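Quick heads-up: it's one chain on its own, the form predicted on its own, in C-alpha cells.
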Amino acid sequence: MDIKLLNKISDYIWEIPPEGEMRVPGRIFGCEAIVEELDDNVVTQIKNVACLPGIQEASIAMPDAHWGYGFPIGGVGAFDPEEGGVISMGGVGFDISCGVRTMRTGMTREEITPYIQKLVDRLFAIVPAGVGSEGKIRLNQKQIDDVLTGGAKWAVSNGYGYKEDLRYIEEEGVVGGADPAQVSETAKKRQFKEIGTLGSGNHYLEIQYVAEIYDESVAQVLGIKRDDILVSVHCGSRALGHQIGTDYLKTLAEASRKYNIPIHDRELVCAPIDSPEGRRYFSAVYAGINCALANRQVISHLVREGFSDVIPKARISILYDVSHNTCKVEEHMVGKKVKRLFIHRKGSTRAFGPGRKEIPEEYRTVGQPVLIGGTMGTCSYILTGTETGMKLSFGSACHGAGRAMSRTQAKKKWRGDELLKGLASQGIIVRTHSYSGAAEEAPGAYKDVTAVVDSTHNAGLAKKVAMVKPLACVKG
C-alpha cells in the first residue's frame, strides 16, 4: 500500500484517518517494510470494519495481517453493546477458537535426539490428522452437547489429562454461556468423530527446542530454558466450527437487513449484540470455543501417550493454551471508563498484560504467555502480554507469520515431496498425510515470522521471551 496515505504514530504504529462512514481510524502495527507490502484489499477490510456500529477506538490490524473473510486475518475489533455494538461472523472466522497449545516435556534436545524418529512416527500414528480425519472417540447427541458446554473440563473429567492442566488453559478450559441448542444438528453430526483430531491446512503438531532466550527472568517464570524440548499443537474446532460459521451467515445477513445495519462488504454481515440473533450466534461461538478446547485437550492426552510409549521418562505439562479466532466479553479501559466489550480477534492472539485476573497466578507478574506459530521450516515464538498492549490493542497481538501467497500459488511453486526432502536435509522431520497440503504450507508461502514478531515486540503489544525451532512436525 501507499504508506504516504497513513499517519505515522511511531516506527511501528500507523493509522488510516477516518473517512466516509468510518467511525474510528484504522490502526496498523508493523515496521515500514511490512506495512508497505500490505495488500490494498486488507486496507479496504480495515476501513470496512471501522464503519460497523459500536466499534471502539480503532479498527486494528496486526503485523501478520492478510486478506480474510470480512475482517482481515490479524484483525481486532472491540464493540460496546451499550452503543449499538454488533457481533460479526467475519470477525471470528470459520475455525472458531483455532489456537496454539505449548507443552513442556522435561527433556532437552540432547536427550531426545536418539528417539526423535521413532517418536514422530508414533505421534503420526496415534494423532489423527488430515482432511476428514476421525479420532477413536465416538460421541452421541448428549455427549457432543456435554463437550460444547464442558470444553477441556469435559475432556479431563473423561480421563483425557489432569485437572492441573486446566489452570494453564485460557478461561481455565471452558467458557460459560455456550448453548448447544443454538448449534445445528448438521454441525454436531460433523463433530461426532472429530474430537482429538488435528485436521488439515496450517494445523500441526510440532516437536520444538528452545533456540534462544531473550528474557531469562520471564523464561524462568514460564519454566523454560535453552535447549528444552517443547511440543506445540495448532488446531481448532474442526468441522463443527466451520458449520457454525456457515449456518449463521444467513442468520446474520437477515439480521443486517432487519436492523438496517449498513454493510460495506457482504462478508461483514452482523447483528446487534443484544438482539436475539446476536445472542444466538454468540452462544454458538462459545460452544465452538469449548469444542476447540476439548479437542486440544484430547490431543494433549494422545501426545502424552505417544511420549510414554517411546520415552517413558518424559513428563508432559502445559505451558499455556490460547486461541486466536474468537469473540469474547472482556473489560477494558476506554478513555477513563472501564467498559464491558465484545472483542473480536480474527487471527489475533489474546495478550493480556501483567496483573489481569484471567492469567494463571504463577504468570500474573510477567503477563500472559502469547504463543506465535511460525512455519515448519523456520521458527516460532513465545511472548508475554504487556500493559502497553492493553492500551493499544485491547490486549491483543499477532498470531503467526501470516500468509504471503495463496495456497494455490504455493502448490504451483513447490512440490510437497521435494519440500519435505529439503526440510529433512536441515534436520527437520515432517510426516504428512498429503504432499499437496505440505506444499500449501511451504515456509516460503508465509511472511517472515521474525519480522512480524519483532514488530509486535517493538510496538509494545507483547514482549519476546523465547524463540523455538522445529525438530519434527506432524501435518494433515
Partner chain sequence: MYETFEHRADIGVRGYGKSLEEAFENGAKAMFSVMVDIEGVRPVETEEIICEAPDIEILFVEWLNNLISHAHLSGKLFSCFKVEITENSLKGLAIGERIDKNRHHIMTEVKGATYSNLKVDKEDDMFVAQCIVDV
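No experiment lies behind these values; they were computed from the predicted model shown. Residue numbers count along the first chain shown, from 1.
The protein also exists as the form predicted together with its partner chain; that form is not presented, and the subsequent description refers to it.
Within 4.5 Å of its partner chain in the predicted complex, a heavy atom is found for all three of K189, R257 and E267.
Scanning G106, P262, G177, G132 against its partner chain in the predicted complex with a 4.5 Å heavy atom cut-off leaves one residue, G132. Of the candidates A211, A125, A404, V329, A404 is the one whose heavy atoms come within 4.5 Å of its partner chain in the predicted complex; the others do not.
When its partner chain is considered in the predicted complex, R279 lies well away from it, no heavy atom lying within 4.5 Å. In the predicted complex, its partner chain stays beyond 4.5 Å of every heavy atom belonging to D417. At least one heavy atom of R238 is located within 4.5 Å of its partner chain in the predicted complex.
Although the partner is absent here, T246 lies within 4.5 Å of its partner chain in the predicted complex, judged by heavy atoms. For its partner chain in the predicted complex, the listed stretch (376-384, 213-221, 181-189, 310-318) containing residues with heavy atoms inside 4.5 Å is 181-189.
Shown without its partner, the chain has E194, S200 in segment 192-209 as residues with a non-hydrogen atom within 4.5 angstroms of its partner chain in the predicted complex.
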